[in-house]
Structures are given as structure tokens and as C-alpha cells.
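We've got the same protein chain twice here, in two forms, each standing alone as C-alpha cells: structure 1 and structure 2.
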Structure 1
């Protein structure tokens, strides 16, 4: 006898259950990239995934719930970061990775849709938050190395520097100001380095 409140998919997570999840999440990504967050239909996703409509509703319930799970899945697939030996080089590599992702029609649309979904439900917002935490955590060490090399002042908030690289690219993506080209990526990296050198991202900021 199972505990009544257990979520479907948690007791027998292997085999078919895992295949269904993978198939549905892939279909969800495709559908989000194509139709955007608003014009999304779970029945359409079920059709693409060759899965029963009932299954999608039972396991994920809502579009935002499905996106939250998609984000958990996306968070697990992290790309290895490159190391170039200088902070500017590392951050440019990071910026170009973000830029290429957001400029790609499918991926860019997907990220827009995922961000839109996150504004609509706390659980989805939390999943998005977690996704970016992981990405930032992945890249933060290159800032620490720069601190160790003396490129950037002691006490610089490494996480904040990484976020500073992404922020202008996402801002452009969402507000639609200008193209997301390599120049934009390089500019974001250079601005972050210049600001970090000047001590704009020091952790202890009691007086400036």
C-alpha cells in the first residue's frame, strides 16, 4: 500500500517513467521555443511526445509546473568552462557562450519562455533561480583566480562579477535593444572587468 500523497513518478522512477519524462521535457522545450509561453497547450506537448494527455496533466499539472521540471533538467546539463589565463579572457568566453545561446533562435526563444513562466509561479521562479545559481557557481572560480593573481582587489564578490557579465545580455534579449552579437558579449565582459578592477563589486560596502 502506497502513501496516498506520493507524487506520481516518485515510487517507480525507472524505465517507462523516465522515458516519458525525457520525451515530454524535450517536447516541452520544442513547443516553448516555437509557440512561446502563452500559446502553449499541454495536449500538443503530449502529442509531440507520443504520450497520453492524461499523463502530462497527472504528472505536471500546469505549464509552469512543467517548466519548473524542465529547469531542473536543464540545471543538470552544465557545460564545462574554459580557462584562458586572464580574467578578461575567461569572462569573454563566458559572455560569448551566453550570447551564442541567447542569439540562437531556438535556445533564445526557450529562455524567454522559461523566464516568462518563472514570473508566474513561485515554484518555477525557484527552479530558475537554482538554474542560474548553478551556472554562476560554475564560473565564479575564474574570478577567484583573478583575485589570487592580483588582477582584481581582495574581497571582490566573484558571483556578482559573473552575474554582471550575463545581466546586460539578458536585458537586451528581453527589452529588445540592439542585436546580441559578439561585440555585445565582449562589451559585457570588458565592462565587468573594468568595474571589478575599480572595486565596484567589493563585498564589504559600508561606505563608498
Structure 2
């Protein structure tokens, strides 16, 4: 899954502490998108956010701590799932949100940077896993609703279906192969629904 909705820090109300957090997280996202994880620097982020370096170091401590908070903020602000009355409609809505996020120059670059960092930095990997767990949990009920309507077999793994929708879109983002457009999003949703209907995502009871 991806961050779907407003940019980090743009919709959170509150006092000075909330405003500082919003400014710093936006600056961190900009820096990630521009230069990648390896070149993140807390002092540079403080400068971008127009806050004191001491504030940034005291609150976040490390670059990985700041990125973890950025991912948490993105997950919290992501748009809620769409309910259309059909599994295909719901998953197309999900796929199009992911596609729009990844096709956005800033957000696409940001996710590339975080994913790259997660391959070699354990705390970043944990934060990224938590981000996707939150987003998958948000959308999994649409699969359960489809089970209840008889659209897909009882015992279908709802979480795996949601992951299957996003996977082809991330492949396109990370490899640069194929257009990352609405047609690709619809195709990913259609493939996931077809596989679910065929029983490809049934939970293996032998493992329970």
C-alpha cells in the first residue's frame, strides 16, 4: 500500500508543537524525495523547516527516528477505504489511490528512497512494515465484505488480496517498466479479484 491523501503534515491541527512537527515532517519528506535516505541530515531538515536544530535533535534524535515518525504520520493521514458495493469496485478504488501516489513525482521519489533504505536499515524497515500493516488493515474489510456477499470463497486471506493489488504497481515504480497509469491500476485490481475468485488466496488450514 501507499500513502493516499494529503501530503505529510498538511491536515493536522494543533498548537506550536503540532506545527513544528508538521513543518519538520514536510521538510524531511522533501529532502528524502530530492536526495534519498543516505543524504538526510537533521541540521539540513531543521533549516528547511525553519526550526532550531536543538528542537529536531531533541525530539527525533536520529534520521531513522524522524523517518519512522514521517511514515507514521503518512499512515495516520491516509484516506479511508472506499466502499462501492463490489470487490472489484473497492479494489479499483484502492489501486487508483496507490497509482496516483506512486505516479506523483514527490511521493514516488519519497517511497523509492524509503524502500531503498529499508533494505539495509532495520529501524527503517520496521517503520515501513508498520506503515503497510496499517494500510492493509484499513482495506482488508472490503475483502471480508466480499466473502460475506459470496463474491469470493470463504477462507480467502483478505490481507493477501490487498497486498496483491499494490504489488504490480510497486514493481512498475521500482523497475521503471510499463506505464504507472490508471489502466495499470485497474489491471492490478482485476487480476487480484480474478485470482481471489479462483481460490488463489485461500488460507492453508494445514498451517493453522
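Numbering follows the first chain given and starts at 1. All values derive from a computational prediction rather than experimental measurement. Here the rigid core means the biggest group of C-alpha atoms that line up within 1.5 Å when the two forms are laid on top of each other.
As summarised for this chain, the first structure is the form predicted in complex with another copy of the chain, and the second is not. Hinge motion between structures 1 and 2 is captured by two rigid parts, the smaller swinging by 18° against the larger on C-alpha superposition. Here residue 21 exhibits a Cα shift of 4.1 Å between structures 1 and 2, evaluated on the superposed rigid core. For residue 50, the CA shift between structures 1 and 2 after superposing the rigid core equals 2.5 Å.
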